[in-house]
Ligand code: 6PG
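Taking the form predicted on its own, here's one chain by itself in structure tokens.
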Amino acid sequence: MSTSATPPLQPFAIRFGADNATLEPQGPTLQRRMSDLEGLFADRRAWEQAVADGDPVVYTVVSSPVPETARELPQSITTIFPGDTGGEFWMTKGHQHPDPQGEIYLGLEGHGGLLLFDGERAEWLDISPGVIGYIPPGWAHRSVNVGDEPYRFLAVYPGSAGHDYGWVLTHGMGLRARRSADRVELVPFGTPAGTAGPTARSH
């Protein structure tokens, strides 16, 4: 199976390749380049320059064939490559679930963070190999690579949850994760690029 399977599914085994981000049998795959992340980085000029300088791949998603339909539990492995744009760490687009559902992320490789926002309050979870981040219903979420190597995690989520990427563009994510010397600096979402701003938290 190389695409999503058609329900009703029969029981089947999925081979999990944690070290090389594979799921076998493999379902749909996704690749996000810098040009796909318009409007997400605080420094638009830096984003435009990154697009012009080769439009690098920021992250990839490999899914199993389990479909995104009600009562199913799809799985995927996301790999976020290391880098920053205007000092802001590379990240996923982030999304809200139109059908509010819980979700889990299991860290596989590298060091990342899980940024969550409920429209009023933002939370940050450090994710490393073996750590499970739990996303409660109603919280928008974004993953961030804060290390110098690829950051990989396994996601398991209800198939009916859906993905609303526009919510993040409208409401923001509460915080931004920026590179500051040898640490992660979390600043309020509206802090202009290139300014120190009030530090929300450092990790």
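Quick note: we count residues from 1 along the sequence shown, nothing fancier. Note that the structure is predicted; figures quoted are calculated from it, not measured.
The same protein has a further form, the form predicted in complex with ligand 6PG, not shown here; the description that follows concerns it.
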Can you tell me whether residue 76 touches ligand 6PG? I mean in the model of the complex, with a 4.5 angstroms heavy atom cut-off. yes
Since only the chain is shown here, I'm wondering whether residue 110 would be in contact with ligand 6PG in the model of the complex (any heavy atom pair within 4.5 Å). no
Does the 4.5 Å heavy atom contact test between residue 133 and ligand 6PG in the model of the complex come out positive? no
Is residue 165 one of the residues lying within 4.5 Å of ligand 6PG in the model of the complex, judged by heavy atom distances? yes
Non-hydrogen atom within 4.5 Å of ligand 6PG in the model of the complex for each of 61, 97 and 141: yes
From the list 72, 84, 126, 103, which entry has a heavy atom within 4.5 Å of ligand 6PG in the model of the complex? 103
Taking heavy atoms and a 4.5 Å limit, what residues of 126 to 159 are near ligand 6PG in the model of the complex? 141, 153, 155, 157
